[in-house]
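The structure tokens that follow cover one protein chain in two forms, given apart as structure 1 and structure 2.
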Structure 1
Amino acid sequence: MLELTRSKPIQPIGEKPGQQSVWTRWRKRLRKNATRLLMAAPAVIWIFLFSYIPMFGLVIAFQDYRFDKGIFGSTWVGLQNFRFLVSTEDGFRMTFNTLFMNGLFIITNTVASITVAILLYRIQRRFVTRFYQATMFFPYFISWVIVQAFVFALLNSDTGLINQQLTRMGADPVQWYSSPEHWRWILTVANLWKSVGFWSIVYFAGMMAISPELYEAAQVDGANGWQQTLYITLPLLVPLVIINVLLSIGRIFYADFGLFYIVTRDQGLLYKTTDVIDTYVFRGLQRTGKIGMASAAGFYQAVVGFVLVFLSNWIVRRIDPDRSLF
């Protein structure tokens, strides 16, 4: 087998169509890649066991699921369970809010964390880089409940620091918790604050994989620091950005429940901009306890994400097939 791999190391397999039957070709391909398949096997089997088998449970989304009757005995109800997601204005609003806010998060997160990673990368002294990295990672550890407490200390109408400051400056205080228009950016900032440290590490690691020879060559050619960033670092980060954006688009219909529920203190007056699918479903199902409806919501989220990723992936593939996700 080692012989085989050695004989044709680089050429993509399956290049030679023609005389062989499909079956023979497959067998050859399998044999050629036996070691690799073996390497992939543990994860493949794990995924099958822990993800694909329970996925069978998705049928619940189309059932009036009863615990005593189970998956096999419950009655089928078609799309009944999906109705509450789409049949009212609130349903459309939460769909829009989820997509809009997550879209905003994807853009701001990507731009900010790449910027931070580049800045970190450009610092000469390792020690200082590490120091900044560490500080920026702290928010990752602070739960939304605690964030909520600090946000409330800043924004509440009676003793909030922001309003005190506004009054001192002669401006009108703002009733933050009844003004939905401000929460798009408040939540964006909160989300950035929490995740920029995390994502900048991801991109920083990507930069570490860039071969230093490239920079040396550029220096010889007389490129300055920013030119190097623009022409070497950023282009080489593209695959990483594409994969992360594609995956984020896949999860665009899943909202960060903690952010939208806890940080807003679930204030009804803010729903206009802050009600997202996860909070909407949670609220709706608290009382009815219908597993089928919860399952329907999850299915809806996955399908929307799937369609969007498929489209984006198709676009990526049109431009550069090597960069696509699948």
Structure 2
Amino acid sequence: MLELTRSKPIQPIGEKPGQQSVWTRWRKRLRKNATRLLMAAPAVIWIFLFSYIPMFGLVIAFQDYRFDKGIFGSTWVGLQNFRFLVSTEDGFRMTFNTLFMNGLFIITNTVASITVAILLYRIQRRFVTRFYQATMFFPYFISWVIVQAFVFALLNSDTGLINQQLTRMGADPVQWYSSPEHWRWILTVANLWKSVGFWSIVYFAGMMAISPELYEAAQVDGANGWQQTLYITLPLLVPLVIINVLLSIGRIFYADFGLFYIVTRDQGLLYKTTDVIDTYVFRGLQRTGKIGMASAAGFYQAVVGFVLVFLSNWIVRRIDPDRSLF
């Protein structure tokens, strides 16, 4: 009888048989997931230090911030810093350019990347596929300063290669850096050249996850390459496309500063089609030094992007719940 009593575990006070305390369960989970937690710790710490702690500085968006007074001593101005975004002609222009160009980039990048990925997937020799991937992926690592030099060599009014070809064909040369109507497609082509290699690899990896048995069954049924792409590849890529598009929509109010500022050489005659929120705020800081205005623009971009992600995800969820992001 004494041995049976000693073999039974001591039951904590207030705990029913078969139940474990909260601390015991947490300790077991920590011990079980210790490796994963250690791997995630650097990223979590980085996000906490550089994304969450700086959020305290958002109060600057509602202040007439001055360095000598600091955050706690600067004058509170409410929504005054946000007025230039919605009440001025410049604010409407830069907001429209940001939305239009980023929307154009999302559409063209998605279509071009999927097309290139499908073409790469259809190549039988893997060595040739890797060669094309490396070749197209290389521009992704080139800075916009180098890209600007390439673009200027092509579009220079006097010695540019494009104007030289136009002259040889009997056409008049174009003053590219004083013609804003041409720069929507110029920036689109530059963005495609730099980013299509990266995104094509993303979609190519998604295609590699598709079971080859589906293609073999389609070939047995007599489906050609176009039909296999249309009825197998594209439908199975839809979830990946939706995730990438939703994440891109979240940053639709953030323009690529290097593309819009460096590639255009900050030419004032091009502002009609190339001036976006980021470049406008940068020039405003250079001229006026108003930190509150820049902080208000960043806060505005983050909030609108957050709302657009939830709205887009809600639309996807209403159409097909299984393909929504969350």
Partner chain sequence: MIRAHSSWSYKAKGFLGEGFIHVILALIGLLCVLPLIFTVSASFSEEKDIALYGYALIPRSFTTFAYDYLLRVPGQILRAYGVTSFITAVGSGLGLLMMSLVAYVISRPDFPFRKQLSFYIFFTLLFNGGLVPWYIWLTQGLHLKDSVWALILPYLVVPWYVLLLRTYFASLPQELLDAALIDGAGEWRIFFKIVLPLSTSSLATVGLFLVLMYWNDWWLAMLYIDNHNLEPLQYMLYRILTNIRAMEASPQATGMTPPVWTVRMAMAVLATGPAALVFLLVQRYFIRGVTIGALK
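One-based numbering along structure 1's sequence throughout. Source: prediction; values computed, not measured. Throughout, rigid core stands for the largest set of C-alpha atoms superposing within 1.5 Å between the two forms.
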{"item": "Which of the two shown structures is the form predicted on its own", "value": "2"}
{"item": "Yes/no, M293 Cα shift of 2 Å or more between the two structures with rigid core fixed", "value": "yes"}
{"item": "Flag for T274, CA shift 2 Å or larger between the two structures after aligning core", "value": "no"}
{"item": "R283 C-alpha relocation of at least 2 Å between the two structures, rigid core basis", "value": "no"}
{"item": "Angstrom displacement of the CA atom of A34 between the two structures, core fixed", "value": "12.2"}
{"item": "C-alpha positional change at F56 between the two structures - rigid core reference, Å", "value": "3.3"}
